[in-house]
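Quick heads-up: it's one chain on its own, the form predicted alone, in structure tokens.
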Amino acid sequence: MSVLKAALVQHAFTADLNANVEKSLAAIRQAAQAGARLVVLSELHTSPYFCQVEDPGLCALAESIPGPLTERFAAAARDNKVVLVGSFFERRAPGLYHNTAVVFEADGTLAGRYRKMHIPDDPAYYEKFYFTPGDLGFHAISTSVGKLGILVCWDQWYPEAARLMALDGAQVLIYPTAIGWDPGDPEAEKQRQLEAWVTIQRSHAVANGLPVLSVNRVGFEPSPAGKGGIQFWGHSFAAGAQGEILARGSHERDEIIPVDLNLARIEEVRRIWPFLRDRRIDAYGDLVKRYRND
């Protein structure tokens, strides 16, 4: 397959969990009807972004994989004949949870999963309270549309994660995401944050000669604590193997963003920009240290 038709599903979410699921299922159908063979949903797309507070009761949102929730999305992949990337709050055992991306094959089978490796702990993003860091490593998932390098949100700031996925043969880097502004920040700061987010992911495309898909949510979600909240900034986008923007969503609307990915360009780009060839793997040992002088 030289050209992969993909779709990025950018949505807002509410406290009505079943409505969130139905909204995503409808978008999957619509994307498939438009010709998509790969559909990507945003991070934790079945609920509001609950990590704005530390509340043990919210762990009840977690579910085993496979489980009733993932079975609905597996069926959607099968019924619409698409490879589907979803993002779930995984209950691995009592009191042990992960932020997990799941890939369903076009026949509904589980192609693989990725457990988020980098876990943030910032104001309104208290993910360390809920999620155990992933233990599956950085491995591309083989599917009928190619090898997918799935990473999740906070992972997008780390060039090491993208590189390891590329070294494992990924043909596309995919980042389900939930990121937004503090509404109280000045406009200049909001713009700096947004541009930094786009720039770092485009740089992963350039450094690895791979297309990148980044899918964010939109809308304002008030904090469960009753004070504050997050304005998710949308701007879901696809970049090509030289970092060029191929498609981009708005900052405020629910939308399905189609994009054609020319996978044959990976080798073409890597021939003229042979970054993988010129890596000095003999000189990178200090990268496994926390800090160089340790």
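A quick note: this is a predicted structure, and the numbers were derived from the prediction, not measured. Start at 1 and count along the sequence shown; that's the residue number.
The protein also exists as the form predicted in complex with another copy of the chain; that form is not presented, and the subsequent description refers to it.
J.: Only one of 105 to 113, 138 to 146, 217 to 225, 87 to 95 has heavy atoms within 4.5 Å of another copy of the chain in the predicted bound form; I'd like to know which.
T.: Only one stretch passes the 4.5 Å heavy-atom test: 138 to 146.
J.: Given that another copy of the chain is not shown alongside this chain, does Q242 nevertheless sit within 4.5 Å of it in the predicted bound form, heavy atom to heavy atom?
T.: The answer is yes: Q242 has a heavy atom within 4.5 Å of another copy of the chain.
J.: Test of understanding: in the predicted bound form, would W157 fall inside 4.5 Å of another copy of the chain by heavy atoms?
T.: It does: once another copy of the chain is placed as it appears in the predicted bound form, W157 has a heavy atom within 4.5 Å of it.
J.: Although another copy of the chain is absent from this view, report whether I272 comes within 4.5 Å of it in the predicted bound form, heavy atoms only.
T.: Answer yes; at least one heavy atom of I272 falls within 4.5 Å of another copy of the chain in the predicted bound form.
J.: Is there a heavy atom of E187 no more than 4.5 Å from a heavy atom of another copy of the chain in the predicted bound form?
T.: Residue-level check for E187: no, no contact with another copy of the chain.
J.: Could you list which residues of 150 to 181 come within 4.5 Å of another copy of the chain in the predicted bound form, counting heavy atoms only?
T.: Counting only heavy atoms within 4.5 Å of another copy of the chain in the predicted bound form, the contacting residues of 150 to 181 are W154, W157, Y158, P159, E160, R163, L164, A166, L167, D168, G169.
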